[in-house]
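Let's start with one chain on its own, the form predicted on its own, as structure tokens.
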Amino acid sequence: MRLGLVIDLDVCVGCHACAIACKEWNASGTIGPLSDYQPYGAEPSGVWFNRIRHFEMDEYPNNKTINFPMSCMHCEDADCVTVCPTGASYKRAEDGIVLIDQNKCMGCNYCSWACPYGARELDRSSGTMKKCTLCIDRIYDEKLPVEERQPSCVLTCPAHARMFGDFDDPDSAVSRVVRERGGYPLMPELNYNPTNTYLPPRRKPVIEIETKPKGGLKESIKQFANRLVRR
């Protein structure tokens, strides 16, 4: 089994609901509290498992704002695990989830430097590294209804831009949607084989821009007449 997320970049509206839900659920989760620094100060900060990046694609008037959620990719070949000198970072064989043993972590930052996705954050309060756990304490909680055994970010997303499932199962919902929409991992050239996958934005019809004709009123009337004839 290889558990992970699919994120639809065409649907994500960048509302940060996933980040907030993640922070709330994991505030007392598997790897301990997530610190907040100066929460009511001039420069509030803290430890987050999900962060949403924003950038523009293409040029006006065909541009589009892309909201790009990023968290741990739960890579198959995770350098964050191999560089850890204490064995605190490890990958679970049974489901592929990458975790950090807080009792072994000494906050050396090696894993953070090895991760190209910026998924690991040093909690200055505990002196340990922290990251997304795929809400492991939730997805295996048999006290919850089956439909609620999903990461908090997936359950919260109002646009349904996130899906959770088993990528090793070719018939799972995540495997099917990746095939149908041409999903891709982030930075595959690094050969970390990330499990999390993104669905690309759908292409929209190109908007044609009519340039102002040269030659004044006479040329304008001529071009208008030509367009009528072509129709």
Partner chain sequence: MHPAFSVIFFTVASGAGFGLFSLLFITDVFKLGGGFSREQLVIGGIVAMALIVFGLLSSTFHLANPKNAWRAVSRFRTSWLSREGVFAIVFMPLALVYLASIWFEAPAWLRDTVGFMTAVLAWVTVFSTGMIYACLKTIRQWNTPLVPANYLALGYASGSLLLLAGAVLAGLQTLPFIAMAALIVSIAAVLKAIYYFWIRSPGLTPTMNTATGLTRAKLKLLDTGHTHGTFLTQEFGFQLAREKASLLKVVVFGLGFAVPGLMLVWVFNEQGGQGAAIVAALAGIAGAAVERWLFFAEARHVVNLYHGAQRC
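Residue numbers count along the first chain shown, from 1. Everything numeric here is computed off the predicted structure, so don't read it as measured data.
The next section is about a form of this same protein that is not shown, the form predicted in complex with its partner chain.
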Please check if His16 has a heavy atom lying within 4.5 Å of any heavy atom of its partner chain in the predicted complex.
yes
Are any of the heavy atoms in Arg176 no more than 4.5 Å from a heavy atom of its partner chain in the predicted complex?
no
Classify Ala161 as contacting or not contacting its partner chain in the predicted complex by the rule of any non-hydrogen atom within 4.5 angstroms, answering yes or no.
no
Contact test in the predicted complex: Leu34 vs its partner chain, heavy atoms, 4.5 Å:
no
Exactly one residue in Cys157, Ile136, Cys84, Leu99 has a non-hydrogen atom within 4.5 Å of its partner chain in the predicted complex; which is it?
Cys84
Who in 140-166 is close to its partner chain in the predicted complex, meaning a heavy atom within 4.5 Å?
none
